[in-house]
Structure formats: C-alpha cells, structure tokens
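Next up: just one chain, as structure tokens, the form predicted on its own.
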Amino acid sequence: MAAESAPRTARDFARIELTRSILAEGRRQLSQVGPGELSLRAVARELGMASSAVYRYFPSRDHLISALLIEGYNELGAAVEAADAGESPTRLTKRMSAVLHAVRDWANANFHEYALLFGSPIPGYVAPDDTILPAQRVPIVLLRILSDADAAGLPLGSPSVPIPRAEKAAIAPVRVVVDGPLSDERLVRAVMAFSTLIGAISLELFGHLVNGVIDYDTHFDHVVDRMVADLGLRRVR
C-alpha cells in the first residue's frame, strides 16, 4: 500500500496562495507591459512584498514566464479537453469542430495569455522542458480525434500527394504523442491543420485581417468546415 502523503501545513497553504498571487499579478502585468518587460520587482511592489521574497518563489523573470506559460497551456488544454468530452465519442465532426472553436474562444477571452503562448518570441528567453507536456495537450486532443477517424476507416477529404521521406522524419516527434493508429497522410494534414488554426486565430487577434474580413465568426466557421473536410471528417458546406 502506498504511503499517505503528509498533511499540508499552514506554511504550505500560505506558499500556495502567495504563488497564486504572484502568478495573477504576472498575468496582469502581461496586459500592461507584455512579457518582454515583465519585472519581478514590479510584481513585488504591486503585492506589497520585498523583491527578495518574490525571488524565493521565482528566482528570475524567466522562471515567472515559464510558470505563466505552463499555466496558460494548461488552461487552454483543459478548455479543449472539456469541449471534446462534451461531444459523443463517435461524432468526430462535432468533436473536431468543438475543440477548434474552443481554442478560438479561449484566445479571445485571454488575449495576452494567447500572445504569450503563440506570439512573438521573447528575446533571450528559452522555454524549459517542463513546458513541453502542457503545450502538447491541445495537439494530443486533435490527434486523438484523427486517430479515431483512422480506426473507423474514414477516407480523407481530398486526394493525397506523395510524402517525402524527409518530411516524415521532420514530423516524427509528433507521432510519438499519438495514442492509436494514424496514417502518415493524416498526420501531415494534422500538422498543417494546427498551423492553420493558430494562423487564423493570430491573424484575427493581432489585427491583420482588419479591412480584409468583416465577419470573423462567419470566416472562422468556414475555415473550420474546410479543415474538417480536408481531414476526412465531413464534406465542406
């Protein structure tokens, strides 16, 4: 029998609450100055703490950015997983549409966090390995749906083209996270679909479609329809 974990002390709970407060203030600062200007000293000042106290929780700005990345990826991942779980497992079209819209909905509700996850790289910052698993949560859901499509024997929505051996090698790490069957062709299309998803949302949120698209909801719905059709889940409307 596994040993029971020791009960948390008042100090443990205080540390948890203070960590949450630091992260919350860090997120607030993201909306004010962006990740490049994020400052632990400013966080400490806003919380009425000595900067040395904040450094005990986050030794550097980069540690705080990493924690905010992990928090953001996990929130987005949870939203997408909930959207997938809300549909019948056999209704692959509904599942894919729900998760793609969930990404956009979360992005619209969390603009600055989305910009941190998928915006411009922060000069001098390199994300550590512990951001990898949270970042994989959304792709894993998308790949799971496509694996279910392969298992059900659904054909692709358009003719395939030969996949060079170099391309198979280039995206080999993606296959590692797939739990089930997935053809090379559908895997390539999955990577392309994820790029299309993030690209469409980023163009909208960062203002690059102003005067080009006048109804974002209608446009995104059609983008989703075409993605779903290309992936072999439904004919485009």
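Quick caveat, the model's predicted, so the values are computed rather than measured. One rule holds for the numbers: they count along the sequence shown, beginning at 1.
In what follows, reference is made to the form predicted in complex with the DNA, a form of this protein that is not presented.
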Task: The unique member of A200, I70, A190, L38 whose heavy atoms fall within 4.5 Å of the DNA in the predicted complex - done: L38
Task: Proximity to the DNA in the predicted complex (heavy atom, within 4.5 Å), stretch among 47-55, 201-209, 165-173, 180-188 - done: 47-55
- [ ] Report yes if any heavy atom of R226 sits within 4.5 Å of a heavy atom of the DNA in the predicted complex; otherwise report no.
- [x] no
Open item on the list: So, T9 and the DNA: in the predicted complex, are they within 4.5 Å at any heavy atom pair?
Closed with: yes
Task: Any non-hydrogen atom of H219 within 4.5 angstroms of the DNA in the predicted complex - done: no
TODO: Answer yes if any heavy atom of V213 is within 4.5 Å of a heavy atom of the DNA in the predicted complex; otherwise answer no.
DONE: no
TODO: Using heavy atoms and a 4.5 Å cut-off, decide whether K94, R137 and I140 all contact the DNA in the predicted complex.
DONE: no
- [ ] Can you tell me which bits of 60-74 touch the DNA in the predicted complex, meaning any heavy atom within 4.5 Å?
- [x] S60, R61
